[in-house]
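Before any questions on binding or motion, here is one chain by itself as structure tokens, the form predicted alone.
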């Protein structure tokens, strides 16, 4: 991929700036833009990654140049941003699978430090790299993302991006790591809990359901758990081959729908009820009417409210 093609994904007016850059980011420092993965991986594993990165640099130097140029462009992006954040996700994602080694090198091994970047641009850079790697779902990136989740970055949005990226791999063995990272976050826990639903496996839905039954979670955390159940069972997500290959669609979506309906029928918090209803519609499970009917039997005092949910579901285009 040429730098010219990458600029098509950038905001208007920045393409020329990218092409004019010399391509060198600020001086590299020990570790990477996220943290030094070498210590977290162990000497042998770190050596193996460095060797693969070196081989990739020889085979696909273009990706490394593009990553460096995007990093060098961040100050310009920060000055011209109109919203709250800075992102270069699209041009990073456009590099494809071969570009993952350049991104991994930047994040975990020899990336540039924050330098003069403001906090928003620095966050946007690291989040963009994590999101781009997560979207690829390449097994050789999983150990790095596990290390990133364990690292527990001080920036909650960066920590969330790591959880979301690893969750996309859908490995049931990562459920404990992901849930522990979220629940141990403290007052920022809701930001990470909100991302757990990207791990669309029945083991994750089981853990999310248990979290709802565990006392002590404040309202933002509970709302995030309800949102994650909706993400886990999201009807549109389950139409993609990357998600459906797990073979757990029925288990995940039915369990998520049931848990959400149970909360809808039992909570006394209006915000939780609204969030549960919205997530039920996002899941769009075909047997939702039967689940609602069963909930009416268990909670007859909520029959009218559950009838209202059934009517909303019947009008919903999501199935």
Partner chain sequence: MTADAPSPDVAPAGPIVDIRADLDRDGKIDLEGDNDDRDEDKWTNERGAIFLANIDDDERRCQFSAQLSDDEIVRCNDAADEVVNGAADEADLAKMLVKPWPLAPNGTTWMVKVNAEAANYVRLFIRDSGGSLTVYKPEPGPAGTLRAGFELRIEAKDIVRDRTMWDGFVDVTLEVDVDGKKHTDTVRLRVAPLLLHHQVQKANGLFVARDIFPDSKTFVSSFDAATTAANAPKAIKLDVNDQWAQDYFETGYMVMPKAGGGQQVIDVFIRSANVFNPQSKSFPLREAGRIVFAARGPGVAAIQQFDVRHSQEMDTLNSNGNLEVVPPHVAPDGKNHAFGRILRGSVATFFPDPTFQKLLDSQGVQPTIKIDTSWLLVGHVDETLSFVPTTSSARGWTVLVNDAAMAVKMLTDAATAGHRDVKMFQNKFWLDQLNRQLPAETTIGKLLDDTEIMAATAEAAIQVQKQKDILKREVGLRDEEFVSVPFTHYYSDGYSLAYQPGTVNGVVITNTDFIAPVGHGPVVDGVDVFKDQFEKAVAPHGITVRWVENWDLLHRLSGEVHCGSNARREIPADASWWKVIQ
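Numbering follows the first chain given and starts at 1. Quick caveat, the model's predicted, so the values are computed rather than measured.
Although not depicted, the form predicted together with its partner chain is the subject of the following passage.
Peer 1: Just to confirm the contact call: exactly one of 108-116, 204-212, 138-146, 78-86 touches its partner chain in the model of the complex at a 4.5 Å heavy atom cutoff, so which is it?
Peer 2: Heavy atoms within 4.5 Å of its partner chain in the model of the complex occur in 78-86.
Peer 1: Should residue 69 be classed as touching its partner chain in the model of the complex when contacts are defined as heavy atoms within 4.5 Å?
Peer 2: Output for residue 69 is yes: heavy atoms within 4.5 Å of its partner chain.
Peer 1: Closest heavy atom of residue 243 to its partner chain in the model of the complex, within 4.5 Å or not?
Peer 2: Contact with its partner chain, yes.
Peer 1: So in the model of the complex, does any heavy atom of residue 287 sit within 4.5 Å of its partner chain?
Peer 2: No, residue 287 sits far enough from its partner chain in the model of the complex that none of its heavy atoms falls within 4.5 Å.
Peer 1: Since only the chain is shown here, I'm wondering whether residue 269 would be in contact with its partner chain in the model of the complex (any heavy atom pair within 4.5 Å).
Peer 2: It does not: once its partner chain is placed as it appears in the model of the complex, residue 269 has no heavy atom within 4.5 Å of it.
Peer 1: Which residue, 291, 41, 281, 265, has a heavy atom that falls within 4.5 Å of its partner chain in the model of the complex?
Peer 2: It is 281.
Peer 1: Identify, from the list 175, 237, 121, 189, the residue with a heavy atom within 4.5 Å of its partner chain in the model of the complex.
Peer 2: Residue within 4.5 Å of the partner: 237.
Peer 1: Using a 4.5 Å cut-off on heavy atoms, which residues of 88-104 contact its partner chain in the model of the complex?
Peer 2: Result: 89, 90, 91, 94, 95.
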